[in-house]
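Below you will find one chain, with nothing else, as structure tokens; this is the form predicted alone, and questions on how it binds or moves follow later.
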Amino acid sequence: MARVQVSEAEKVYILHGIRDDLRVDGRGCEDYRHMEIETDVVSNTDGSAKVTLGHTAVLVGVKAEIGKPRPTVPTEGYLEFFVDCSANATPEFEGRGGEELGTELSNTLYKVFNNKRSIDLKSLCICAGEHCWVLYVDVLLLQCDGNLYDAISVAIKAALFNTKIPKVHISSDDEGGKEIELSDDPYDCMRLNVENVPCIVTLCKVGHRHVVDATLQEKACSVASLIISVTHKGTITCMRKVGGGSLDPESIFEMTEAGKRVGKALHAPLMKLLEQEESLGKKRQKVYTCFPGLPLVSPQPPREESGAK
């Protein structure tokens, strides 16, 4: 994880501000930074999205390929995750510096998203025990300024919403075997229901309080963090503690309740904006929003310039 050096004077300044619910950039303890979302940004994928959260930028691409179901669940498809920590994001990722973080992120994403509570995995089955859709979710970290998990989870939900899987037609050949034909009509496709796909909320314990969407400077003042995945109903599907410090039971309870509250408030405006952007088609622009104050700016189609008569 990218780190910054913070002096003792800076730590005191940050701690005192968080104690008074006023962070260095003017946010409250449970406020997100400015967020930008773009979908359908990579042409050679079945779905893609780019999310910028403050100075953290993440690009996600989803590629659907036909594979063989796992023996334990022959009637379900599955997801595979790969996270690439670009050296452009931070010098610490140069060489093999980002491999450990990439593996850690991939393992956490697999636990959060690859289950039947998040996505209808049975809808990815083509022929039980023989063929299924495998969704390869590739995550590229473009810039790193803290709170990677939250930015990645929003980007994954947006990319899955944007994913179009070709319709499959199964026919029998003369020998009784099965032939799979994929529709080449871009409109004859299957879309994923992402309503239950959770969003991750990371809460960092700083002093005696906790903050949402911590910057690298705030992260440097934190003793431990709690990563919580929350559905649109406020249900927690996964929780993980990171960091070398400890958390007392009261802090865990407070952070869990805050995570449920913030995570639940994140889903509705996110889905609304994704649906609005989808309806614009090729006229789509960037979607700008800020959570959880929710002052939404809906995307507007570009104005047509009138030519000189």
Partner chain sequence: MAADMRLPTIRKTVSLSASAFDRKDLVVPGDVITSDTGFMRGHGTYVDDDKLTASVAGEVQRVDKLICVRPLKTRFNGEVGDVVVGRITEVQQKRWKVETNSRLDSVLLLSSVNLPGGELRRRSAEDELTMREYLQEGDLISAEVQSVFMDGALSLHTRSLKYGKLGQGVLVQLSPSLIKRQKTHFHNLPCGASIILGNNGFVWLYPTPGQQEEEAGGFYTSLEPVSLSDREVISRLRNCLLALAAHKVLLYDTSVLYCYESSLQHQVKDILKPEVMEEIVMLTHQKLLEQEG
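Everything numeric in this text was worked out from a predicted model, so none of it was measured. Numbering follows the first chain given and starts at 1.
Below: the form predicted together with the partner chain, not depicted.
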* Residue (of 49, 62, 255, 266) lying close to the partner chain in the model of the complex, criterion heavy atoms within 4.5 Å -> 266
* To do: Using heavy atoms only and a 4.5 Å cut-off, determine which of 42, 247, 57, 37 is in contact with the partner chain in the model of the complex.
  => 37
* Contact of residue 240 with the partner chain in the model of the complex (heavy atom, 4.5 Å) -> no
* Looking at the partner-bound form in the model of the complex, is residue 280 within 4.5 Å of the partner chain by any heavy atom? -> yes
* To do: Consider residue 70 of the chain shown here, and say whether it contacts the partner chain in the model of the complex, taking contact as heavy atoms within 4.5 Å.
  => no
* Can you tell me which residues in 6-24 come within 4.5 angstroms of the partner chain in the model of the complex, by heavy atoms? -> 6, 7, 8, 9, 10, 12, 13, 16, 17, 19, 20, 22, 23, 24
